[in-house]
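Subsequent text provides structure tokens for two forms of one protein chain, presented individually as structure 1 and structure 2.
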Structure 1
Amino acid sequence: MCYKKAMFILLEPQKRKIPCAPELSLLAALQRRPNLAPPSLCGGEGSCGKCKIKILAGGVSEPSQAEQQLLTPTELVDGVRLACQTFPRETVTISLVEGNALSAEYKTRLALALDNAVVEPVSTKKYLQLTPPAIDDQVADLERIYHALKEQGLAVDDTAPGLLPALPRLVRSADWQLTATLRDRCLVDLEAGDSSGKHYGVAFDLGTTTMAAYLVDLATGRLLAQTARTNPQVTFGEDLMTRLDRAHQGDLATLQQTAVAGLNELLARLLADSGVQARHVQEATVVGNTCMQSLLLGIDPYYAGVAPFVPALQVVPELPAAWLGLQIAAEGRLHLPPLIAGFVGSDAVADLLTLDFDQPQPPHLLLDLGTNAEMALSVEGRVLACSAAAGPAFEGARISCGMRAAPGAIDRAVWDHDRLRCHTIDDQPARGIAGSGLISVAAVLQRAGLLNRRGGLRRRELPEGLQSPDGQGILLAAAEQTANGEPLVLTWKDLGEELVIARAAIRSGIEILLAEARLPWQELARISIAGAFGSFLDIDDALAIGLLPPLPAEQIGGVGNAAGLGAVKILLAAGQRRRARRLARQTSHVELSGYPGFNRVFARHMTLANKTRP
């Protein structure tokens, strides 16, 4: 009998051992373990060049044609490979290339303004001092608790079954002094002693690229801790459509487990930073786009991504957190606000709630410029919303040297004596360019008269040294200024195709929303840009390439993580949950793909010129 020898990937320095097989790429094997695989923005198709690893020991397949095109000769000599293109021949030891680890969080965590937040949590905690039973007082233990709660004005109709087995011993070992937790007239937890002041909740903003988490005191509304990380699902593809396909083709369970693992990692950080115990976290809220929410629940989102773009459900029932594997209190509950449409999710609802789109206000345009750009317009009591397939260019994907906002990322540029000078986050050697840097470079070139209307470079007018040595694009940083010792180049395709397409998608969505509302762009009172990207974006740069309608810059501004703030408000108050449901019902969705004349509008905006009219 012939036995196949077991093969493994030994991942350093994590000291992890992952089973693999000759027919599986290293990326596919790593993806079977949450939080271990490098980013794969193209979903493992060998086109993005981001899933870099280093072979430390062991035999692997020869470099593919894609690797020879995407990796430099120096990288190949040093053992750098693309995980999606590399197949093991034996047990192999690898490490992730510096800058590819997924645990790095965004440089700036966005502050939440909770000063005026309403505190009205759906659960409550009460300290009880019970009278012990006696021969002449033989009331049962549970009914004794019910009576004590009724004396404090709290009616109880039910009890979580998990409390019953330990009830007799708990009340006696606690000397009849207990803290009860109630939710919806149901007794869900009992603790010995007085823990009524330990009542917490966690809100998650589950983005396509980034996850953020916020730990809140449900009694006071105080923010105790916050953290963020890259969504580990990016190992399956940066954009929504790639993940939709992967889920539909059999990776749904793995994508769900990966998302849950990411949330639990954030939760563990919050608890460590605050000293709070998991058993005292009774409530959780998650907001996200329709695809992210479906994947989290283990629902195949494929049909929400193809015409007619119908999600499996719009209103999600309240769920036990344990059902999902979220590691909060045993009887903790998970709330997901409603969706608006197939590509306009509960994160957009949280944005609208934060910016009071259900209240009378002058015409107000909201933009959340991520991989899936969501937009909403408030005008004369109406709210209209749409989503535009801007692509992941603003997140650093599909850009030849793109990366997220992290140390070493170019985040802005200036024109200085006929030279392009780029600034990097933390003044580190250049590793790539972030979305805000991409827009800034384009704006600088536009102002210098070096871009034509379609985003192409006027090569004959380029100053000496601006064009890369290989003639493939703009030289952002010379070899001696970069982290890997190779020149950093922004290609013609990056500017003239990827950025132009993203710009066209956003401006087309804006124009169609304004047309539906019969509102000239000049009558907009405010444009708010949500999310981390809005916080990094230079408004003058965005106006220079026509990304936004040409309002005065003072009428445009970032509003931070509006979705995260909305998630916290929904966590804190039952009334805010009802308000979110009303906003979702009252918002009119505009489907761009079937909109008459959409292709004509899109084509008109395929430019980086700053027009005076949208």
Structure 2
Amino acid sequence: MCYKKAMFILLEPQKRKIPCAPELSLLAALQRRPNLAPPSLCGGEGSCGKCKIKILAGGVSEPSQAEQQLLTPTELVDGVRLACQTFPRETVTISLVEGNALSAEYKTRLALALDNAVVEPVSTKKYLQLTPPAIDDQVADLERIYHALKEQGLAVDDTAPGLLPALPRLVRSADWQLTATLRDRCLVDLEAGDSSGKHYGVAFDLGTTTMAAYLVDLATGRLLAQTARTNPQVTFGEDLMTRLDRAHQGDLATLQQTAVAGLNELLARLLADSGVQARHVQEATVVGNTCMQSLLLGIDPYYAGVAPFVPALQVVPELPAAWLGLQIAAEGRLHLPPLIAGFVGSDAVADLLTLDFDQPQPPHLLLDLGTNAEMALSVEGRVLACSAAAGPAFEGARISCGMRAAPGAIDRAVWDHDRLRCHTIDDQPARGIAGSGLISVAAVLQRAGLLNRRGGLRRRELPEGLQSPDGQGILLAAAEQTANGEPLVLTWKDLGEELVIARAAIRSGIEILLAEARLPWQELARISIAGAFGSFLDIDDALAIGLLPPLPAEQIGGVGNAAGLGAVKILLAAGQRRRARRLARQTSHVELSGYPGFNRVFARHMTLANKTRP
């Protein structure tokens, strides 16, 4: 008999039951359920060591070679395993290993400054008191509503078909007292009684790593609630290119569903926090990079990610929320601002909107730094933009002990009495190093004269205690200061290779944008750094390693979640949507990969020195 017994993963404390099979890794089984799987940098290849889970009960495969290398003996004894390397032999009970929550600090830093935003939403609600029909007034129910709206100065000539079946009963049970919702001269909702004050919208900032969501009152423009979470797609690879590959190889639908599930979970939290009902959330916006946007729409992002880097579309059609499965009002609509290029997405457009890049202003450089660094320059009414493949170093990937800006991540370091002192987010025991910490450590070494121009360490000159016991790199935290009881080490390769490449990519992008605009760096009035990274980054550290042109530090600053703020502005006003569209159209995209002499510029910036010949 070939009868298979049903096998499950019992997930604690979530009390979830997920079917699994002996030939399927626990990671693959968990990935079939949105929001449950642990993160994975390598996409399940057993090389990143991030998809840690703990086996509480039940038999599984023996630890693989990869696990023996990537997990500590203590972890192995405790039942900690890599989900991608572990295969169930029977029903198993597991828990996820903590450490992917967003830090409170992160959330605070991304709070929105939503003042003086224009409130002019694309939909309108109106309370109507209709005259009931009579034998000498046989106007149809729908036309009766149209006439009443017209009397209030609101032209309407269409109705969402979904409203029709309930119409005759609704108007009568409501005793002809109704609230109508209109969008683009189309009736999109009808409610009994007066609910004209209940009119809301939700804006999402869909980042590769983090999703943030903002609930706004469309009548007043007031921010009612905000929340954020890790993008649940991280289980398919933390970096963008891994996800792009997974999507191209057949996981597109799963990646889409995962993104939508993540947005819906954020929405549910916002609704719970504010007491707003989903049916009153009529408008939604999502900003994100081109790849995230493609995955959300179920579009294979592959062709935008390989030469000639052509995105599927620039201006996204207005989407019925129901088409995507976004659980707002039945006829709610989702607006995605346009993108600029394959690697300059609608999040960059939202940044530009927030920083008024369509208004005349002194030369202004915007940087949004991540695996992919987007940059834009405003010079004399022109906007130029480019993207540089910085690699995932700043987001924690490819760095031996890298992690993202989560609790326990080293986010900065100082040289204090001949000792390296590292600060961790939320003051937790050290778990790894974030992008800002990496730059900070490099800056410390640079200032102490311990780096040569290529970023190489003058290893012979390293003070005692700075070098790791195994001689493999810099000791960031001793075993007693870390979460897992192992010393935390930044390797020579992390510094001399990964960081140098990231720095070269970004600085090359900046220099090429300036060259295209024929603007000497000295004439820049301002450099703004958007996003989480900009909030954590120490400007002096960034200048110390030459990540930025050597402007005075006071001309450089983080601007918080400019993309999220732009998403909310676009949510609130039709005019802002037109602005975003104009901005995207008018921005000149500079394709670095096709740029003559790019390689020479890049090579020149392969250093951690702060005096670069521009």
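Since the model is a prediction, treat every value here as computed from it, not as a measurement. Just so we're on the same page, residue numbers count up from 1 along structure 1's sequence. The term rigid core refers to the maximal set of C-alpha atoms that superpose within 1.5 Å between the two forms.
- Structure 2 derives from the form predicted in complex with a further copy of the same chain, whereas structure 1 comes from the other one.
- In a rigid-core overlay of the protein, residue 62 has its C-alpha displaced by at least 2 Å between the two structures.
- With the core held fixed, the Cα of residue 542 is displaced between the two structures by less than 2 Å.
- Residue 603: CA moves less than 2 Å between the two structures after rigid-core fitting.
- Taking the core as the reference frame, the CA atom of residue 16 shifts 2.4 angstrom between the two structures.
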